[in-house]
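A lone chain, given as structure tokens: the form predicted on its own.
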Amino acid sequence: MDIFITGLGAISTIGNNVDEIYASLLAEKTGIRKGTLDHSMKYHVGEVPLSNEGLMEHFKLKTKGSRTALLGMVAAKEAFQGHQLMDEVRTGLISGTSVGGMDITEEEYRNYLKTETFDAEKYKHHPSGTTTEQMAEELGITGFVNTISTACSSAANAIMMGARLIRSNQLDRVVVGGTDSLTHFTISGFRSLMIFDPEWCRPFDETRKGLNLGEGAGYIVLESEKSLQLTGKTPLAKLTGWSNASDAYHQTASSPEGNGAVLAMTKALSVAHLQPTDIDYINAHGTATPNNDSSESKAFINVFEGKVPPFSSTKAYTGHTLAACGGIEAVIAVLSIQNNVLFPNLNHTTPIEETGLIPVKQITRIENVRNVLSNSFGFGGNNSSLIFSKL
């Protein structure tokens, strides 16, 4: 059964919608800069330059929620724009997040420290599932609503789950992706792991020191052929392959040899009925941490038997948006297919000595981008790979 993509939506530091993000990608324009919010002012981050009130006003949102929920509403509404809810089409929402409503919890906790009083209602925003429920309310989706929280692979796993529910005839159409916002906790947490670069991140570079965090959301709409006949939507691309694999190597680090990544990519190729030579571009996980980029590079060499296709990490544009990255990068993968363009790996100068792989370093147009592999790897070795294909 084919899984069709009929909608794209995204918001990040490089754009408030898909068109703006695509323009920034083509202009090789990073959105990573010194933060402006109180928790991010000291650091290079990929911050969406709108307050919560600004998001609600600018995008005419009706449902109040955490910043994570608001960012998710913006991207999911763009993806679902023009789609009509109807009884004949079983429609769901599956959203990935790791931060959830933590921004509201942090604000209320700081208030408690100052006043020793608190509003218990505000803590109800904290659970990850509340974020998805708030998004579902804004979209009007009342059927299947679910939340995935597997760290940085959350959005990819949400996309994967949506595809499996369509293929097993439990849903006809599903909005899938992920959303996360910047918070004190995430910034402090990654600094404590000593994988936070105070300067601009450099994915797959020998001098890389760590990641830049970002915030945002990315969603796509998946539909079955039956759904297309009822909705009349025009497909943009297909989701053809997916897999999740765990190497269970460490609480946070990937295995040095990239064993989990190898399993995920190999199985995704099998699901898509593709050979390694069929992949035209890889949107890598590429966090710019010493461990991830070395591990992922070795996995590329293993899976593609030394003939690694063009690859890059777009996190030097957006920052690492945690649970949202698989959704934003799914949108970027479809843009690559639609426009036959490969996006560059910004800030790269020196290949990793151990592997010698050189990513795409400038906007590159090729005759035909048929299949794009997109990787999202989370803490605990939760490795997910998706394959997007031309119609």
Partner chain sequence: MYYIHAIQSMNNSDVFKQEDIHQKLVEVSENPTLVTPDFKTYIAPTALRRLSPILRMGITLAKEVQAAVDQPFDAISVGTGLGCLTDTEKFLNVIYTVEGDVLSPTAFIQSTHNTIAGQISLDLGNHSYNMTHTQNNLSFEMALIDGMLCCEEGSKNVLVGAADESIEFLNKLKPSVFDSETLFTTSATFLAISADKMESSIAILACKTIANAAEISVETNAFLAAFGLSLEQINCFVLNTNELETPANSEVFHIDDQLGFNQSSSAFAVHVAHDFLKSSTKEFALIVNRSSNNYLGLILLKNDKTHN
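Quick caveat, the model's predicted, so the values are computed rather than measured. Positions refer to the first chain, counted from 1.
Below: the form predicted in complex with the partner chain, not depicted.
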Between 77, 298, 233, 184, only one gets a heavy atom within 4.5 angstroms of the partner chain in the model of the complex; which residue is that?
184
Exactly one of 240, 294, 146, 302 comes within 4.5 Å of the partner chain in the model of the complex through a heavy atom, and that residue is 146
Does the 4.5 Å heavy atom contact test between residue 150 and the partner chain in the model of the complex come out positive?
yes
Just checking whether residue 382 would be counted as a contact of the partner chain in the model of the complex - the rule being heavy atoms within 4.5 angstroms.
yes
Is there a heavy atom of residue 157 lying 4.5 Å or less from a heavy atom of the partner chain in the model of the complex?
yes
Taking heavy atoms only, is residue 263 within 4.5 angstroms of the partner chain in the model of the complex?
yes
Taking 4.5 angstroms as the heavy atom distance cut-off, pick the stretch from 77-85, 174-182, 222-230, 130-138 that is near the partner chain in the model of the complex.
130-138
